[in-house]
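Quick heads-up: it's one chain on its own, the form predicted alone, in structure tokens.
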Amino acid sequence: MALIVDKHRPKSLDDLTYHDELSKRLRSLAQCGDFPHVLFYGPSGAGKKTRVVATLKELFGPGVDKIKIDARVFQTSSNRKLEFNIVSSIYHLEITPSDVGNYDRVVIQDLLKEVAQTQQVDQSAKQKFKVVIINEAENLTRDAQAALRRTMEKYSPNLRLILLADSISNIIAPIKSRTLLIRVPAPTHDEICKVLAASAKKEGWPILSGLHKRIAEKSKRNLRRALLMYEAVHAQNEKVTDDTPIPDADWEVLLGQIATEIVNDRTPARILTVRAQLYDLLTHCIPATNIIKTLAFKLVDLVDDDLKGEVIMFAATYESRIKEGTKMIFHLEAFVVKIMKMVEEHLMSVDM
């Protein structure tokens, strides 16, 4: 059974219910004779991927919905084999090179070169080029971005790139100068309420404006998260009203427990336990940056006022190291140990 976030996902630019000016601009781009390389950026849950798929449909027609998942193996110069999944149709490919870490350059070089050197399979297609969607473009290494820039220059007749990123601060200037930058802002609370009301109508649920407002505020303007919360409310309660509690995500509840344990039990044994819990979150695809950010805010609610600023400072430091490094668990564990040490020293100073 599909989740409503997938079941009710708009399929075309006409179906999108917010950012109308952006939809008009994308339709104009799709209909023009020369579609450029595009970089979509904006916060998570703003609808970047939905707009990209809708734009592809405007470019090529309904054939982009017929997708398959292929497992490919790439070989590095040191003969290491990398397994990599590619989502594709006859008109486009979707990849996430950051999945292979520092070897993303190999995927960029080999795959894009292969795609760019082949002609469009469907000779009746409106456009004669293929599109490659690159997710999490801000996480690409510098080497991968340099390879991407060379590909954009050399193979532009047969290839168009659509890059997706939460932020463009880590993307090199040559790529930004060769792409059309399109910012997709987060929807407002009112826009989220309208989407929730439309989903309720499709599902036959009561339209409760009070509940919709509470979900919009708690989701922090993340539409995907708001829809998941909305479905969770209806899944866990037989009768839903404006006052029905909105459940937190399981991973957020776990981080709340971890924060309490860090503050109350500052022992090596607790570090090992927390490490296992953090590993569990990472294996369930919770981003390390989300983990450290959420954990920091949970800790701020538990520590003394004198320590709140230090918690945020340490969280920012280790979040930066997570983005620069490859072993995320090391930096998460280091943050936990730092907080334990800070709390211990504070309690000792108070006792003295």
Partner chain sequence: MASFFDLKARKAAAANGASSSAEKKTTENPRLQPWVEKYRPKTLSDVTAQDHTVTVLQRTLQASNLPHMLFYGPPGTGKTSTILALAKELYGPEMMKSRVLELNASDERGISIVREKVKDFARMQLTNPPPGYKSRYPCPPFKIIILDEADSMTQDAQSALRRTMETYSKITRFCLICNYVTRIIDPLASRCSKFRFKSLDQGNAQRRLEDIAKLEDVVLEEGAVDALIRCSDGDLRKAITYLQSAARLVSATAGGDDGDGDKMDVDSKSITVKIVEDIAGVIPDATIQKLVKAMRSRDAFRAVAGVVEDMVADGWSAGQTMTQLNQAIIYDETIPDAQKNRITGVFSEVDKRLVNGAEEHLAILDLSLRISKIMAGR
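Positions refer to the first chain, counted from 1. Quick caveat: nothing in here was measured; it's all calculated off a predicted structure.
Only in words, not in the display: the form predicted in complex with the partner chain, which the text now covers.
Novice: Given that the partner chain is not shown alongside this chain, does residue 316 nevertheless sit within 4.5 Å of it in the model of the complex, heavy atom to heavy atom?
Specialist: Taking the distances in the model of the complex, the answer for residue 316 is yes, it comes within 4.5 Å of the partner chain.
Novice: Contact with the partner chain in the model of the complex for residue 115, defined as at least one heavy atom pair within 4.5 Å: yes or no?
Specialist: Yes, residue 115 sits close enough to the partner chain in the model of the complex that at least one of its heavy atoms falls within 4.5 Å.
Novice: May I ask you to state whether residue 276 is within 4.5 Å of the partner chain in the model of the complex, using heavy atom distances?
Specialist: Result no; residue 276 lies far from the partner chain in the model of the complex.
Novice: Check whether residue 53 has any heavy atom within 4.5 Å of a heavy atom of the partner chain in the model of the complex, and answer yes or no.
Specialist: The answer is no: residue 53 has no heavy atom within 4.5 Å of the partner chain.
Novice: Which one of 249, 180, 200, 233 is close to the partner chain in the model of the complex, taking close to mean a heavy atom within 4.5 Å?
Specialist: When the partner chain is considered in the model of the complex, the option within 4.5 Å is 180.
Novice: Can you pick the one in 100, 271, 208, 90 that has a heavy atom within 4.5 Å of the partner chain in the model of the complex?
Specialist: None of the others qualify; the residue that does is 90.
Novice: Tell me the stretch among 146 to 154, 263 to 271, 234 to 242, 249 to 257 that has any heavy atom within 4.5 angstroms of the partner chain in the model of the complex.
Specialist: Correct option: 146 to 154.
Novice: Between 300 to 314 and the partner chain in the model of the complex, list the residues on our side with a heavy atom within 4.5 Å.
Specialist: Contacts from 300 to 314: 300, 305, 308, 309, 312, 313.
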